[in-house]
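Only one chain is given next, in structure tokens, and it is the form predicted alone.
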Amino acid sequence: MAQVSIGDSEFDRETAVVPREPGVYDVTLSPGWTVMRVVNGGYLLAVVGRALGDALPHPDPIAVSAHYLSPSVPGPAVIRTETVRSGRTLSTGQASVFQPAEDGGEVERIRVLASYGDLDALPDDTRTTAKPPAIPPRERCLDAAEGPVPPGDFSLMDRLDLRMDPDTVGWAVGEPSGRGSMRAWFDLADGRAADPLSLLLTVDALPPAAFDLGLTGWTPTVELTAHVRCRPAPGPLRVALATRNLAGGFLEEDAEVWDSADRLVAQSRQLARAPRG
């Protein structure tokens, strides 16, 4: 795999924000990070995360909560941020992404409230019962780019190096397990190392857990909260997704991201609309 450094990758270029005035940023949402022609929610969260990282006095996302108000599409957008509070160890801000509307106005796509801090300044004390997901070695997992995918545009997959646990891809050949789980090794396709910002993409980059329930199709996120727990060590990440309850046309999806040092580096929960397939 080719290796590019943080700052030089496609992910960095296509999450770049351009300051227009204090707290306001211009951005172009890339068509390369779409699912069924809609901008992926994790990519969009990373774009907003980059703007907040510039606007706030602390560098790293710690807790990020997003409400997805309407589907984002590739093209120009504006991010408006506001500093809510600036403390010694944490600062909190909010941000919204707007895109042009057909009537000449603007439509809000996502609204985010986030707390930022310094991951390198956190204490080392760790007490956990969490364990890394049981995933076969990377060479025994299935390259998602080479396997069958549901009909539609999945440009996002070209930017990722996903190696899926064979036990969680039965849905791709019409044999979902019914357990509602997904597990995979995760890298960016160009080899860029993971960092706190890219973890906001990682938590929403695997095929939805609903696919393992036999439901395929667009699974739009309604709300997503991500917690970044520490700076990831070099090497591929392991990601596990699970849902326990689909009811009323919605399901929750819990994600855990583990690094090569067996540390839980990010967690998330989202509420999504269930696909109709």
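Each residue number is its position in the shown sequence, starting from 1. Being a predicted model, the structure only gives us computed values, none of them experimental.
Another form, the form predicted in complex with another copy of the chain, is not on view; read the next lines as being about it.
Student: Spell out, yes or no, whether the shortest heavy atom distance between Arg50 and another copy of the chain in the predicted bound form is within 4.5 Å.
Tutor: Result no; Arg50 lies far from another copy of the chain in the predicted bound form.
Student: Quick one: is Ser72 in contact with another copy of the chain in the predicted bound form, heavy atoms, 4.5 Å cut-off?
Tutor: The answer is no: Ser72 has no heavy atom within 4.5 Å of another copy of the chain.
Student: So in the predicted bound form, is another copy of the chain close enough to Val169 to count as touching (4.5 Å, heavy atoms)?
Tutor: No - in the predicted bound form, heavy atoms of Val169 and another copy of the chain never come within 4.5 Å of each other.
Student: I'd like to know if Val24 sits close to another copy of the chain in the predicted bound form, meaning any non-hydrogen atom pair within 4.5 angstroms.
Tutor: Although another copy of the chain is absent here, Val24 would stay clear of it in the predicted bound form, with no heavy atoms inside 4.5 Å.
Student: Verify the flagged residues Glu108, Arg229 and Asn245 against another copy of the chain in the predicted bound form: is each one within 4.5 Å by a non-hydrogen atom?
Tutor: The answer is yes: all three residues contact the partner (heavy atom, 4.5 Å cut-off).
Student: Look at the stretches 72 to 80, 160 to 168, 182 to 190, 86 to 94 and give the one with heavy atoms within 4.5 Å of another copy of the chain in the predicted bound form.
Tutor: That would be 86 to 94.
Student: Quick one: name the residues from 127 to 141 with any non-hydrogen atom within 4.5 angstroms of another copy of the chain in the predicted bound form.
Tutor: Read in sequence order, the residues that approach another copy of the chain (within 4.5 Å, in the predicted bound form) are Arg127, Thr128, Thr129, Ala130, Lys131.
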